[in-house]
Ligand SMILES: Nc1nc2c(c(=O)[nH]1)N[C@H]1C(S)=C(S)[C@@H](COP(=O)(O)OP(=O)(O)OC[C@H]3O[C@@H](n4cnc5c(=O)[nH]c(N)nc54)[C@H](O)[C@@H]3O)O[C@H]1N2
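Next comes just one chain, in structure tokens: the form predicted on its own.
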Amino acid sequence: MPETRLTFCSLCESFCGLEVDVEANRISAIRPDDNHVVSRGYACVKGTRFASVQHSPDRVTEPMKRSGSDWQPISWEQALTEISEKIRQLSADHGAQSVGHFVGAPGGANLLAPMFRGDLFKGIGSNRMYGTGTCDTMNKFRVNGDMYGSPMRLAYPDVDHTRFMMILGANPMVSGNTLYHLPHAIQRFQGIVQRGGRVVFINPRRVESARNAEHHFIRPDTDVFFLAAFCNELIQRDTVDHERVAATMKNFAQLQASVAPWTAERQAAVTGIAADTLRDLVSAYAAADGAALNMATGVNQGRSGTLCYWLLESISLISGNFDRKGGSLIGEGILDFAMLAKDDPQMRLGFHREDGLPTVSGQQPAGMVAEDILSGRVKAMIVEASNPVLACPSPDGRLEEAMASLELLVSIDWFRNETGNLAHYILPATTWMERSGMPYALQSFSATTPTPYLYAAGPVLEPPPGVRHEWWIYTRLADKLGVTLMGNRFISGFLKLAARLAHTPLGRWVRVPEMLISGMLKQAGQPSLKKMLQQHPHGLRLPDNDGDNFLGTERVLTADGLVDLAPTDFVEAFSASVEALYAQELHNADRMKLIGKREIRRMNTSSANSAQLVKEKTNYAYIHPEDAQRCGVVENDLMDVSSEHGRITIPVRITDEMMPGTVAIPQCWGHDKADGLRHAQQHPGVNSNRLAGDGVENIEALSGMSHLSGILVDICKSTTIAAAS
């Protein structure tokens, strides 16, 4: 008979509760946990179909070494010895900064991996750490650091109490939410309307989330003009909480001067949002008894993602909707992760790079990886839980070329993906079904959740014998490289001994993940992991956040305790760039622009290999009927899409959900070479990131974010084949 075990899905930031039926160490069914303290019976298809990923015949379950194009299994001892020897040699010959690391989003959901990864690289002496965060969210961490004093001071909308919510560049129904926890998103948005409020989506595509809500098209990558005009309109109407601004903030005059030139009429010329529409939205925002703004990946990936988030936060702050019930709130986690991040040299803002680009929250720009490798600055790289060959900008396949040229490339992953194909070693890691964990950074430590809660889960399955947890991999490498972990020789020695014994009969007595999780919980005054699992198997509801607990308190981590409404770098960048960008928008008004598109059945490379999730043979380019007529294509015709960086050929779908002048293409397809992902290879699609540029000129200088949305493109009917199958 199957045994039902409880866990949470780690595929996106909603972290929905799941019930998993297990028999003979195999999943027989996954369904939403009706009793989970927050998600309460909600989970999307990616989580409930995870068994097809977990038990995929393509999963790597023992260390692999490549010789030419052939792969051979080797022992963990051989793999770690050879890798550590190569790292030691390259560090000696080229310096510690020649050894890099790249982490994907799943690595951020792993409670212990960041801790051990960071300590290993600190010990090596390298801060050459990259990640997909600079492809989706690092602009927000930069703004948080400059305005509030720590990258992890994350605000979130109080969805369940707001009377007005405006959402830019997000599609929560399909992709969850960026940097805050909101299962049942559509129902909760509907709740705003039912209590007399208003929900507004601003997006170049009428996204699924907006089908029963108000929606306004905006030309891609023009949000900075819309938000500047919105902010200016508020100020011109004197809809400003002057008392709160004076008591808890600084540099209001500089903010006011920055946005003063941006009127409703001026922004309308490039955004497509009429001046009267903007004024109506400002009126509704100002009149609401609690109003919240949110922006996500679609805006983050533009040329001005940091400036957009600065303006969005400033609107909330000066209007009195920040730190207020129904507006934007700053949660109080069980540990003050923001304080820890502020004092962590690897997390705070740094300028380590030769080109002056920043390191934000420990990540250097992913758009510089190819150049850093091809220039000779990076000789070795460990890639954890990621597939940068598809996830990052790669004009003309430059990133693939660069990765293939490394003297050492190690992939820590579940599968041999496209990046893994180029690696010298693949080290198989546990899935989230095979380890204890907590939704930690956003939920437990930063509390960016409208419904505060605490949750912990034990492993649902035993991992295959050859698979290892990342904490173990990094600890064993640290052992072989002579690196001290946790800054303490005694603790380091204990961890290294525990790792050596972990897969021996003695290992069951020393379970490091469980010990560390229990230690964190106890430090925060919470039950141990064992007690959490026994007493609160569906999660522990924490007190509501009613606001008025941040502004004017010691939780503002700036040097003077005031929120900075106009950080110098932002004001200078706004002054230097926005007028020029506006002129470019006017000049290119007739050009097409490319945006991404999220898909409910895909999250990353692993889901691409699931036959239960991915049915389509390819991705599509979505365009408006007017654009289809102009370039002479009909449904399923092949269309060439070209930018200054590259060209792809892709079948087209025609829909009035698109704003005219915009083409949307789902990212992270392009699996034609993925012979380690057999289902994905039969459903290859096209990699739209070939149309994106890399290098300094294609990176937002404030945050290191790659320009992946709002790219100028040309479209035409392809002469390759008349129609797609």
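Counting begins at 1, following the sequence as shown. Keep in mind that what you see is a predicted model, and the values were worked out from it rather than measured.
The form predicted in complex with this ligand is left out here; the points below concern that form.
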item: Stretch in contact, per heavy atom within 4.5 angstroms of this ligand in the predicted complex, of 575 to 583, 427 to 435, 257 to 265, 229 to 237; value: 427 to 435
item: 4.5 angstroms heavy atom contact with this ligand in the predicted complex for Val510; value: no
item: Contact flag, Leu168 vs this ligand in the predicted complex, heavy atom cut 4.5 Å; value: yes
item: This ligand contact at Gln667 in the predicted complex, heavy atom, 4.5 Å; value: yes
item: 4.5 Å heavy atom contact, Met603 to this ligand in the predicted complex; value: yes
item: Non-hydrogen atom within 4.5 angstroms of this ligand in the predicted complex for each of Asp221, Gly298 and Asn417; value: yes
item: Single option in Val174, Leu349, Ala275, Leu335 placed near this ligand in the predicted complex, where near means a heavy atom within 4.5 Å; value: Val174
item: Position in contact with this ligand when the complex is considered in the predicted complex, options Asn144, Ser304, Ser446, Asn203, heavy atoms within 4.5 Å; value: Asn203
item: Residues within stretch 681 to 719 having a non-hydrogen atom within 4.5 Å of this ligand in the predicted complex; value: Ser688, Asn689, Leu708, Ser709
